[in-house]
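Only one chain is included here, represented as structure tokens and corresponding to the form predicted alone.
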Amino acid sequence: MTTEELKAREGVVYDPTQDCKLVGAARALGGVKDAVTIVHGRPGCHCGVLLLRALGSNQNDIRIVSSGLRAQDMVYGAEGRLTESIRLSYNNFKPALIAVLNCSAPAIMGDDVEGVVHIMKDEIAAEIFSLSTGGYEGPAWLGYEETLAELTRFMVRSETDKEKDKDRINLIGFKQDDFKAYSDFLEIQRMLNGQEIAVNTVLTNSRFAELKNAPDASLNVVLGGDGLESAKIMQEKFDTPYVVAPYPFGLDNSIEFLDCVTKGLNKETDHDFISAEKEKIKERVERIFLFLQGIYDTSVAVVGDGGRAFDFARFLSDELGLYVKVLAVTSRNHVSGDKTKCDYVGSLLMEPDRLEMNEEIRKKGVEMIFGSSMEKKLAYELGAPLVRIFYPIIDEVSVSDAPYAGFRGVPQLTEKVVNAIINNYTEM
């Protein structure tokens, strides 16, 4: 960076695109349907993850409570408050699992969270564990990975006939609070059923008992690389193989997803099923071919997490013919580094500062942004339409069964993109 650029940045606050470790852990635990998450930290930590959950997900299924830590506890500690919050959480909600997320303030204070958890294990019937999720300890993707790895401690192989379950898989890296998550899962499940493959457990979009039985599956399917560490642990502990499959955005990614799964199960892919799905997509998309010709080579930016952004950018480039000038990966994972040489994007930014990212998008003359609610201001400044695809989305809702993933997601995404462009008004 030149001296002039350094001077221009004087007084500028660093604004990372990635969230803190607490957010990643809370997202993973939010998908355990009968778990309660206790945020042991200052009110701001609890408020942050609570709002993200409430505004971007099912508002009747939040299950995030605070330990009640206050300013005066910074001197004497808050083990007593944490003990009582665990007790009250169990008595009021009767969860199968309680997870305590220890935040920066009590971690610096030296609260004995592990000691509290050890004592409470003898008092309550639920399983309980704690994770250190201070903001200074790492980004969100590490919190997500460590949480899934911690959940493998509770897994046990049931005494079932293994031959009976040979075509059952676990989905790893599925985030229940992603936009369209509910409908995406239904479509992924339908696609797998079309190959006579059943879903055993979803990490994390299952009840705790289902998570414990994850070793009953014969293959782990890691979506986009998210949750890879847990798949490696299960391979070592239970001898369960794994494959890393793309998130099925678009036709090509959906076919590759199915091929990865069937190959991992030593099955033949049912190409008749895929051919029938292709025909359905073709029949729908052909209706608007003039609009598709009109948007060809539109300059766009994709801003999203590493587990899905690469696959989404590939769909935009290879299937819709858009020019992905900027791909900004806001949160990486263990395989993101293997994807950096992709030829379908112009400029690739890995976990950039938001100022750096915004400057790059402005410089490239982007006409459309695919991102989250966090890109709303930038899109407004550029007069560009914003299509919300990635977490967090807090200014748009989804209650229908229309997916973005899979074969059925292709017409939905195509419709969304075309309408966003032709409905955008900029004063000439």
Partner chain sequence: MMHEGTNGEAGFLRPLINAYSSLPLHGITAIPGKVSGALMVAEAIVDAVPLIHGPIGCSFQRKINPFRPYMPFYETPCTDMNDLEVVYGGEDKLRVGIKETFEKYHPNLILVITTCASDLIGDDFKVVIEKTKAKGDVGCEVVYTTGDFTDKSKPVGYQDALYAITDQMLCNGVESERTDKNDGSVNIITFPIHGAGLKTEEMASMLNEMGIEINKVCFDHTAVKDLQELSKAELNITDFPMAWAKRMKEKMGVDYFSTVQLEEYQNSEDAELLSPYGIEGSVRVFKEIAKRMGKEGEAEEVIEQRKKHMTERLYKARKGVEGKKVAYNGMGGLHSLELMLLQDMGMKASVIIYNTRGLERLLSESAIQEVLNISVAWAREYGSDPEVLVNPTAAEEIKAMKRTGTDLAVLSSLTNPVHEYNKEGIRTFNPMDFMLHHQRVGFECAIELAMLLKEALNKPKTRNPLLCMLEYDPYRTSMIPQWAKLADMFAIIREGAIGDRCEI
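Positions refer to the first chain, counted from 1. Small disclaimer: the values here were computed from a predicted structure and weren't measured.
In what follows, reference is made to the form predicted together with the partner chain, a form of this protein that is not presented.
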property: Stretch from 263-271, 186-194, 219-227, 92-100 whose residues place a heavy atom within 4.5 Å of the partner chain in the predicted complex; result: 92-100
property: Of Ala209, Ala125, Ala276, Leu88, the one that lies within 4.5 Å of the partner chain in the predicted complex (heavy atoms); result: Leu88
property: Position in contact with the partner chain when the complex is considered in the predicted complex, options Arg81, Lys232, Lys325, Arg168, heavy atoms within 4.5 Å; result: Arg81
property: Partner proximity in the predicted complex: Ala25 to the partner chain, non-hydrogen atom cutoff 4.5 Å; result: no
property: Partner contact for Tyr136 in the predicted complex: the partner chain, 4.5 angstroms, heavy atom; result: yes
property: Contact of Pro392 with the partner chain in the predicted complex (heavy atom, 4.5 Å); result: yes
property: Contact flag, Thr414 vs the partner chain in the predicted complex, heavy atom cut 4.5 Å; result: no
property: Joint contact, Ala313, Leu320 and Leu382 to the partner chain in the predicted complex, by non-hydrogen atom at 4.5 Å; result: no
property: Sequence-ordered list of residues in 32-48 near the partner chain in the predicted complex, where near means a heavy atom within 4.5 Å; result: Arg42, Pro43, Gly44, Cys45, His46, Cys47, Gly48
